[in-house]
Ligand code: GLP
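To begin, one chain is listed below as structure tokens, in the form predicted alone.
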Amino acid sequence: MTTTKTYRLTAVAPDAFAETCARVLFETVKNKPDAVIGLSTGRTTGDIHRRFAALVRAHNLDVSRLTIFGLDEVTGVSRNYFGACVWMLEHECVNDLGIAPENFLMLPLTSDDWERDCDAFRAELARRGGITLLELGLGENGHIGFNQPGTPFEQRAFHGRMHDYLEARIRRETGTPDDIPLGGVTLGIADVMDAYEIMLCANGAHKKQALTDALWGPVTTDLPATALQTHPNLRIICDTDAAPDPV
């Protein structure tokens, strides 16, 4: 895999991080009202989504043709669980934006045929023109979505196990007994790389090493985010605490 390193990196003060990322989302929709935007959930992105919704409201931007979808989903939990990705996106921005149900796409929480449902999700994104912009968070071990270290770069959307620490936390929060399976479903790395533009967001000193390795380390499945080095339209926004070390 050839590394091009053609990305654009913007490092801002910590208090400007969420607003800077939100403005990228806002400008994307402003310039392309029928955009298909993928959002990630987690500690990094919640404030970004709230600020995005606030910008849309403040400028009275028409989002009637906008499609929002989630990168991944926890499986085996209730839709009303506050840690479900669908719940987070609804409460962070989708409800405030007034996105029509048919324009809010999520991978399922349960399924009797994961391969079928993953293929259907991918097909629907393609039917809408493909991914205009995909927002990504960055795990400290370099994971993106539920693509943990070791995930092949050619992997398409799939269902699998989540990281042990995450599963243990979700079982505690939901009271789910050990005999009920939990997991995660996610777009694969190959699907991520199909996005027209990717915005990788990272903040906090605890993300500095992961971001440095993702941008400057060897491209390897041991650190899934290194695949992004080869994307032709990658934008990285970080705060100064997470800013990668120079080569």
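Residue indices: 1-based, along the sequence shown. It should be emphasised that the depicted structure is a prediction, and the values quoted were computed from it without experimental measurement.
There is another form of this protein, the form predicted together with the named molecule, and it is not shown here; the text below is about that form.
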Choose one stretch from 89-97, 118-126, 139-147, 103-111: the one whose residues place a heavy atom within 4.5 angstroms of the named molecule in the predicted bound form. 139-147
The named molecule contact in the predicted bound form: Ala168, any heavy atom under 4.5 Å: no
Would His59 show up as a contact with the named molecule in the predicted bound form if we use heavy atoms at 4.5 Å? no
Is it the case that Leu71, even though its partner is missing from this view, gets within 4.5 Å of the named molecule in the predicted bound form, heavy atoms only? yes
Does any part of Arg51 reach within 4.5 Å of the named molecule in the predicted bound form? Heavy atoms only, please. no
For 28-49: residues with a non-hydrogen atom within 4.5 angstroms of the named molecule in the predicted bound form? Ser40, Thr41, Gly42, Arg43, Thr44
